[in-house]
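Here you get one chain, nothing else, as structure tokens; it is the form predicted alone.
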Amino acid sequence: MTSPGSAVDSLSAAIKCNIIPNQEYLLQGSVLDQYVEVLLHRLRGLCDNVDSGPESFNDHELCFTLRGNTPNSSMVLPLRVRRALDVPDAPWQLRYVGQHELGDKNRPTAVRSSIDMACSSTIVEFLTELGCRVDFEYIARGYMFRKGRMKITVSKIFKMGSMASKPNESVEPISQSYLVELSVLAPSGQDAIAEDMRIFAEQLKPLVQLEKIDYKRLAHIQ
């Protein structure tokens, strides 16, 4: 059995060698409901899984925050827990997502820290015991495509009714559009990926405009 010390050493060495994919390169956009089938048809022609078609998903996601335990602490740790409603036996997913690192204006994509791990269904109870609180939750239904290392998801986002006893009950779409995300999870320092993503995004115009979103700017607008 590997000792905890050697496991930590191995993890540290992997991070230093840029083996662990801990950066997400991301572009986002949206497409109106009436045009989503045209977009899906375009993606079928551009992506790798042409014969089998896209992978569908129906996921429930809870977004937690863990705040500092002192009055003057400004630390906020965002965590996400996702489970597949259509595959009950699949492991749950715990994900840490950092703030967007927009960098200079010439960078083609947004970049953020991201760490994913599989976990059991007791993760919600565990996070609650740690002091995490649920900020919001939603249902995401849609399709996932692959193009090399790139992942493309087309998702319809639903809010859950307050009286629903199960996630699939009493759901309501939050808008008349689908969220489109183009992402790559990779080790730090592989910025060449961003240019490949920009080229791929150009092929989806004018159906969808994939951009790097500055959420801080949106917060000021609201």
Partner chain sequence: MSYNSNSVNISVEAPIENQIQEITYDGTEIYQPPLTLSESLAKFAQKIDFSKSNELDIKKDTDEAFEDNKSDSDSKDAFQSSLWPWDSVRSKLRSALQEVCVLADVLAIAKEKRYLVLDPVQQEAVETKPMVQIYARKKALAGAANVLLTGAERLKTSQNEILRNRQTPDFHIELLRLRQNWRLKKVSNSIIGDLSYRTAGSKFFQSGMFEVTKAEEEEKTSSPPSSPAPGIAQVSKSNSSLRVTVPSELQGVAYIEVLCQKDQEDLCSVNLNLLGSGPPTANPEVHWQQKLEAAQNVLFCKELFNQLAKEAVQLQAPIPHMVVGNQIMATVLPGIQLVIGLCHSATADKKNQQTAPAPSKSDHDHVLEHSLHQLLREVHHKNTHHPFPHPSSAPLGPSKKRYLAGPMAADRHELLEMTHTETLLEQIIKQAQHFFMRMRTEYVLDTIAKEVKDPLISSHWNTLNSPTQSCVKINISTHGYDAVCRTPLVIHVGEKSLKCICRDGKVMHMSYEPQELRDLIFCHINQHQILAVQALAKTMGWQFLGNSNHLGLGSVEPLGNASSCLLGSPNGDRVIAVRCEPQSGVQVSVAHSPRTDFFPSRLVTERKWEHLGGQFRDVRLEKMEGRNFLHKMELLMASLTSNS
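Please read these numbers as outputs of a predicted model, since none were measured by experiment. Positions refer to the first chain, counted from 1.
The discussion below concerns the form predicted together with its partner chain, not included here.
Q: Using a 4.5 Å heavy atom cut-off, state whether D51 contacts its partner chain in the model of the complex.
A: Yes, D51 sits close enough to its partner chain in the model of the complex that at least one of its heavy atoms falls within 4.5 Å.
Q: I'd like to check something about R149: if you look in the model of the complex, is any of its heavy atoms closer than or equal to 4.5 Å to a heavy atom of its partner chain?
A: The answer is yes: R149 has a heavy atom within 4.5 Å of its partner chain.
Q: Mark G98 yes when one of its heavy atoms lies within 4.5 Å of a heavy atom of its partner chain in the model of the complex, and no otherwise.
A: Looking in the model of the complex, residue contacts with its partner chain do not include G98, since no heavy atom lies within 4.5 Å.
Q: Is R107 a contact residue for its partner chain in the model of the complex, using a 4.5 Å heavy atom cut-off?
A: It does not: once its partner chain is placed as it appears in the model of the complex, R107 has no heavy atom within 4.5 Å of it.
Q: Answer with one of M144, L127, L79, V111: the residue that has a non-hydrogen atom within 4.5 Å of its partner chain in the model of the complex.
A: The option sitting close enough to the partner is M144.
Q: Suppose contact means any heavy atom within 4.5 Å; which members of 81 to 98 contact its partner chain in the model of the complex?
A: Contacting residues: R82, R83, A84, D86, V87, D89, A90, P91, Q93, R95.
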